[in-house]
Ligand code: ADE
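Single chain ahead, written as structure tokens, the form predicted on its own.
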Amino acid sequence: MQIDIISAVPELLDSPLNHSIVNRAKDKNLVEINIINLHDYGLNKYKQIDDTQYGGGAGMVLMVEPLYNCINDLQKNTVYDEIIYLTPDGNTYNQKMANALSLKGNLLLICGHYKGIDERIREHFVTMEISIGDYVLSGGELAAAILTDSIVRLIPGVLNDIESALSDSFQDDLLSPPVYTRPADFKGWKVPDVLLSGHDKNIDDWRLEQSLKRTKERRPDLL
């Protein structure tokens, strides 16, 4: 898989995409992640990428020309399955979307900044618009990092145990059950006996029961 990310502030992506599971996936050559600095396509000697909005109003807008030139340049070498714009007014991201995107080959993520991007880029290039929640960030970089992490961990071979990804919260529209590790008794706080029983079916039944209970209590909208 290849994930390209267009950013006005690429430094924001350095840490989240160069550590932990995502970095291991890169080391295994299971994913290629490229951060494209939009300023490289900026206009005039100042490498301008933003301007005031027509009609007045507070806040700057990422200009159409730098984005057009950047996307056009990238498309010369890569055919993208999806061109995704991270925006508060996009479709709310969820696990089903992550699952679907993990099956794609090439993704291009566009990070908004300031008041957003010129609408003409959305009209002529963007194939998906995604929001990570009903709140506003300073830019789309953190949202792009979240998308990338959630997608990459689903690629076969990234996690040592594929069951780890398949048993995550939301995979079956359920929250994950409680988890425990050693010691079995800490200050009188004990691990449920069923988890110590070694009886796989009973453990599976308990986990499903706990998932249903937790989902009903905390996220009944999922049921």
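Residue indices: 1-based, along the sequence shown. Not measured: the values here are computed from a predicted model.
Note that the form predicted in complex with this ligand isn't included here; everything after this is about it.
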| item | value |
| --- | --- |
| Contact flag, V79 vs this ligand in the predicted bound form, heavy atom cut 4.5 Å | no |
| Distance check, T148 to this ligand in the predicted bound form, heavy atom within 4.5 Å | no |
| Non-hydrogen atom contact G133 with this ligand in the predicted bound form at 4.5 angstroms | yes |
| Contact of L137 with this ligand in the predicted bound form (heavy atom, 4.5 Å) | yes |
| Of A143, I121, L108, A98, the one that lies within 4.5 Å of this ligand in the predicted bound form (heavy atoms) | A143 |
| Heavy atom within 4.5 Å of this ligand in the predicted bound form - residue from L86, I71, V152, I83 | L86 |
